[in-house]
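First, one chain by itself: the form predicted on its own, in structure tokens.
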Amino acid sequence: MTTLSKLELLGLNNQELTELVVSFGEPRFRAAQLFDALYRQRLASLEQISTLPKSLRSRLSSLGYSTGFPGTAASFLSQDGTVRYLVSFSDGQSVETVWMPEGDGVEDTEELLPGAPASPSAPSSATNRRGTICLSSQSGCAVNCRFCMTALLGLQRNLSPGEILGQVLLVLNHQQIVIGRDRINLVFMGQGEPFLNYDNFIRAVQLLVQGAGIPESRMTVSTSGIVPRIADFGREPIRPHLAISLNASNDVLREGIMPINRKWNLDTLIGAARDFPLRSRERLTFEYVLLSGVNDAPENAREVIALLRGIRAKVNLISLNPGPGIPFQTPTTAAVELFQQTLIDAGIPAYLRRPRGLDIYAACGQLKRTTQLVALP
């Protein structure tokens, strides 16, 4: 359940903002000014919105209204330039959001280019920057994947649309990103299962496209396999690309590491994937976390090939990113390369996602609001 205050403006669309300003006796064009200030200009406080009359700003403030911009409780800088933000909300709840400079963090298979990373307190002012923001859709997660540190939190609550998109605006401001000049990707792959907070996630996507100006073609959402919502998602007029967390090649293995498979097994999940309406030149992404001695054998790769036969798909391989409380081991380089080559030889594009921010617990599967950084095994 979301605890969004009705007095927080982030998350409201143009129609809702119009109803608000009209209720204050203001002309309708004030809503467009407010919409632009929130989503395009990314102004964090009412006092900064100089296009609105001071009388209106004062009245909004006196009644308890705020922009609803999140705060930063802490941030951690990796040696590779990745930044992990501990983002705080008005009720004291927090989530993690990750900024990955340069490569997109999803399909990029190139090594990080040499050079000193930007400090969180002094972002690069270079033009034509590239980077990815990894977003959370829930505080904690209820899906309980056995290889993911976020699962250790359990589910705290859903995030509101404003809390989801607010993470993007916060990072864009902190990194001094200019939409239209810099190439930014968004991946809904942080804390939580987006399709278990579906309506709020979709509302956030719509506002990011319509307000912040980030095209849906630069967004990807990952689901653990909420089958009914996969069908709903395929009917959305505005939708990111879809990634499905596969992580196992048969039902026995998948139930052991992803309990959600008991509700929607592989036959049901792959059926939903086959029915998903892909756009021209679009591929479904299947994500596969490799666990040493569990799902990383050549036989597992051959089973994946059989599962995906006939689907226009690609596979992102992720070697387990270790962390406290995770009872699995990272596979050997040889095992990963053999698994990848087996898929490629069968005609399935397969990419190895290189970990980003591993030293600050910012890599895939490591988001657990960690503030005490310790050496990884």
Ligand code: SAH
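We number the residues from 1 along the sequence you see. What you are looking at is a predicted structure, and each value in this text was computed from that prediction instead of being measured.
What comes next is about the form predicted together with this ligand, which is not displayed.
Asker: So in the model of the complex, does any heavy atom of Val315 sit within 4.5 Å of this ligand?
Answerer: Looking in the model of the complex, residue contacts with this ligand do not include Val315, since no heavy atom lies within 4.5 Å.
Asker: Does at least one non-hydrogen atom of Glu193 fall within 4.5 angstroms of this ligand in the model of the complex?
Answerer: Yes, Glu193 sits close enough to this ligand in the model of the complex that at least one of its heavy atoms falls within 4.5 Å.
Asker: Considering only heavy atoms, tell me if Val289 and this ligand come within 4.5 Å of each other in the model of the complex.
Answerer: Val289: contacts this ligand in the model of the complex.
Asker: So in the model of the complex, does Ile214 come within 4.5 Å of this ligand, heavy atom to heavy atom?
Answerer: Close contact is absent here: in the model of the complex, Ile214 is far from this ligand, nothing within 4.5 Å, heavy atoms only.
Asker: Look at the stretches 221-229, 267-275, 160-168, 78-86 and give the one with heavy atoms within 4.5 Å of this ligand in the model of the complex.
Answerer: That would be 221-229.
Asker: Hey, with this ligand in the model of the complex, do Trp99, Leu172 and Val209 all fall inside the 4.5 Å heavy atom range?
Answerer: Negative, none of the three is within 4.5 Å.
Asker: Would you mind picking the one in Ala204, Ala301, Leu186, Cys148 that has a heavy atom within 4.5 Å of this ligand in the model of the complex?
Answerer: When this ligand is considered in the model of the complex, the option within 4.5 Å is Cys148.
Asker: To verify the annotation, which of these, Ser139, Asn247, Thr132, Asn197, has a non-hydrogen atom within 4.5 Å of this ligand in the model of the complex?
Answerer: Of the candidates Ser139, Asn247, Thr132, Asn197, Asn247 is the one lying within 4.5 Å of this ligand in the model of the complex.
Asker: Do any residues of 323-354 have a non-hydrogen atom within 4.5 angstroms of this ligand in the model of the complex? If so, which ones, in sequence order?
Answerer: Heavy-atom contacts to this ligand in the model of the complex: nothing from 323-354.
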